[in-house]
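Given as structure tokens, the chain that follows is alone and in the form predicted alone.
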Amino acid sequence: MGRDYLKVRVPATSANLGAGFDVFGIAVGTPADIIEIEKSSRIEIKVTGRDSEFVPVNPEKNTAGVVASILCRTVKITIHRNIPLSSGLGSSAAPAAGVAFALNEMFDLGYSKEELVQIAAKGEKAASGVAHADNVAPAICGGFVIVHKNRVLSFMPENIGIVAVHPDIIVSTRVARSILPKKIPLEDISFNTGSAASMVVGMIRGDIELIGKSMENRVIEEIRSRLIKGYAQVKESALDAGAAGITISGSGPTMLAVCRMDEREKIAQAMVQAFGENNIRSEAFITTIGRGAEIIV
């Protein structure tokens, strides 16, 4: 039996985790968007909450609306935003993932999570210009996710402290992708492959130190760091405060540190202070690796 109304919670996400460009992603415990779906005679979009005035309500330009159109479902979608816009925390992925998940439940469509990830990725294209799944996959599946071709592999590491600090800097996903080189030297590919392989082992073992070391990568982060004022000082401050590793979250500007659960507050304070010393306001999300989209009502 289908339902006429559904409310879902869909988490913020962090893609890449250093060397896993367009391949790795995690769901984080906070922040999260709340999405309400009601059956309607047409696709309607309403956006409330954080940065809502900057989010298009035209269904053809909104990632949630694109997903509803792909699934041929006429619904009213109300997005209650808590994930900061253009933050590198999957702000455009969350509505796409949440609506794909919700419509599958509401209309008993029978799609697998892997299939929902591919549908949601097409919605993401409306925002980033590329149908990549490293944010929508963890938003749907939760935990740590590996996306390769049409395969989605996920599992839930326990007790991994996450500190995500979002500075008051605008970084466009399209711009952050456009500045990347089309070719990377072989030795840098080898280094990044080693880091990515180590990251998987670290996540499986729940080895925080190995996860942190495996965030080391070449070329991509070096180039994108130029878009984030204070990057080097924030990174050094986080490591000095006890972080096992730190990297740019997705395309940025949020910076993501991994650490022991009891060190999160100290690391968050150090990162916020470092941004402040560069005259950049920022806010910290003290969290952990979290669950994927889930029904509230």
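Values in this document were obtained by computation on a predicted structure and should not be read as measured data. Numbers for residues come from their place in the sequence shown, where the first is 1.
Although it is not shown, the form predicted together with a small molecule is what the next lines describe.
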### Task
Within 4.5 Å of the small molecule in the predicted complex, counting heavy atoms only, one of 169-177, 187-195, 106-114, 206-214 shows up; tell me which.
169-177
### Message
I need to confirm a contact call. Of His132, Arg73, His80, Lys76, which residue comes within 4.5 Å of the small molecule in the predicted complex, counting heavy atoms only?
### Response
His132
### Task
Indicate whether the small molecule has at least one heavy atom within 4.5 Å of a heavy atom of Ser251 in the predicted complex.
yes
### Query
in the predicted complex, does Asp22 have a heavy atom within 4.5 Å of the small molecule?
yes
### Message
Val10 versus the small molecule, in the predicted complex: is there a non-hydrogen atom within 4.5 Å?
### Response
no
